[in-house]
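Have a look below at one chain only, the form predicted on its own, in structure tokens format.
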């Protein structure tokens, strides 16, 4: 008993110290995850990034101002004019309700809460990754995986301060749901199963019923292809239990087409141009993987191997998660975000197992070196020591077993408990014996640890650079480095401020759908289309107007009550994401609905050209005229710095539009529709005599000009 107490004392102290150290490391990981994402605030200012976050920010403002009941019933008449949009029934409320709760309980500043929601939940996602990886391979792997996720560039790109989008909360919810699922597998606890259903919202019947209460989901939880699979598996299991003659083929037949669309990489790019027009929906390149997960790409295979030694329910789930995320990340670059947690988990497992082997090898051989033993570096001697220890363990177990048999025969229940206890005690002994047999040379172990530390250093440097330079710049405020210093381009906010202060509240603004959310949120003006892209015909109408000649475009916009047209132009400063580079999608989307818009009419040798070789259709379309109007006045040559050529048509006038505002760097140009001209240009002359011959009447009618507005 005294020996047992002496053994338990240091062990309990060691466990307590390890627990305190683990909590401290997790706190540091949370601080790291938060601080590495606030470069955007330090370098620029506290501002919302990108396009979609502005809609989420506007919705959050409405929620905090009017309450949740008005939010559910909110009909927004400032978007998709004249159709409008039911916001409460078409928006996923998770992000909005989360930020609204933080505003209510923590900080009474909506913009600040929205800016810092993503960094806060990045720390939560790192802690959730620790919990998930711990269930798969232990505490050490969990800590490493959490540290890797806190810095991985793929996750940073969607969670910097100001990136107020659904991904800010979704990754934490995803990883935490997976943790609850694996915890349920390992423990079999109904409590964790219930938490998992509440967290996932789609797990079996309980989760599906809860999800269907959200207006934007409704019956989509069981009807759409991306949600139907999990529900079908559940229903299949229930049906097979009660009916042995269940025909699985019939169950899948009516959803086959939708499932095929979900798994075919090129379907959307070939047949749905509105999806293909978004850059983040394009398949990623190999350099994208190295940019977003860096050295983790080389550690993932080792983590997969470690999951099979031994294979358990938790480790098999982690492997399946990795495989599916790798596949879908190859479909579109946006899904690289889903791959990041899986890559961090596998890399954490690989590094933990590698450090375990290397440090154990050094630990077993270091005492022999310190004692100047001649066989210190001999692996055979270490193996013999391990075998001797194993024989001692076996003899000790045999002695304990004989002593147990010599005691009084216990009851059947006690015998069962003693047997289970004996099995549990034998397992660690055998595993410890096997671990001690896996010993590497001392020099190789030391060099390997040093290489892993250097590899980790490269990963940290790359992640800090990505966070500070690549992913922290907000799209609404642009910067450029030149020999004379840093240049800041704040043209977007300049244009939205002009619209807000110089136009009427009820004026309608037409632009390409990319800028709809920002126009509504920052200029507070009604837009025709926005980033929701729910009505392809409406977007095609705007694309057709931009692709049409000036008069036809004026008629289209006038029929929609549009008063101002906004275009983004980067030819002067070299901004590549302007409307001229997006023009091919306007043509394709417009031509998909209105057949008179034909893409070959805008192409010269298969290319969109704006120089002297451009087609007449291209040179006379509205987008070309609104972008290059008075452009020749800037340098006298009209040289486009994005396309790197002089434009083909330099001198022209606008007849149906007038320029009302152009920003300082010509990046945003705003035009106003001219009012329609009078149908009667002058007084009609009365005929001199009513007794004209029919021939003279026909001659006069032939000389009369046709009214162009009829």
Partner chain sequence: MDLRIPRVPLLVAVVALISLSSAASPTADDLVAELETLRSQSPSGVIHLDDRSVARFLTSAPVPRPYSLLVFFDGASKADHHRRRLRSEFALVSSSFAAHHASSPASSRRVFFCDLEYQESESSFSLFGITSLPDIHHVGPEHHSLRDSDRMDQSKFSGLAESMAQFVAAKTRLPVGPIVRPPPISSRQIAFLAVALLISAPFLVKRILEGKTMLHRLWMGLALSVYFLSVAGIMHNIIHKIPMYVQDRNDPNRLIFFVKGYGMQLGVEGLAVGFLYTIVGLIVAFATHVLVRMRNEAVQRGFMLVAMVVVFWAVRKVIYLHNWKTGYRVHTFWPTRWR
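Residue numbers count along the first chain shown, from 1. Here the structure is a predicted model, which is why all the values come from computation and not from measurement.
Although not depicted, the form predicted in complex with its partner chain is the subject of the following passage.
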### Message
Quick check on residue 458: any heavy atom within 4.5 Å of its partner chain in the model of the complex?
### Response
yes
### Query
Does residue 290 reach its partner chain in the model of the complex, with heavy atoms at most 4.5 Å apart?
yes
### Message
in the model of the complex, does residue 82 come within 4.5 Å of its partner chain, counting heavy atoms only?
### Response
no
### Message
Can you tell me whether residue 353 touches its partner chain? I mean in the model of the complex, with a 4.5 angstroms heavy atom cut-off.
### Response
yes
### Query
Candidate spot 473, 642 and 673, all three in 4.5 Å heavy atom range of its partner chain in the model of the complex?
no
### Query
Quick one: of 469, 635, 555, 77, which gets a non-hydrogen atom within 4.5 angstroms of its partner chain in the model of the complex?
469
## Note on the structure
From 147, 623, 128, 300: within 4.5 Å of its partner chain in the model of the complex by heavy atoms is 300
### Query
When its partner chain is placed as it is in the model of the complex, which of 167-175, 320-328, 479-487, 561-569 ends up with heavy atoms within 4.5 Å of it?
320-328
### Task
For the stretch 64-80, return the residues whose heavy atoms include at least one within 4.5 Å of its partner chain in the model of the complex, in the order they occur.
none
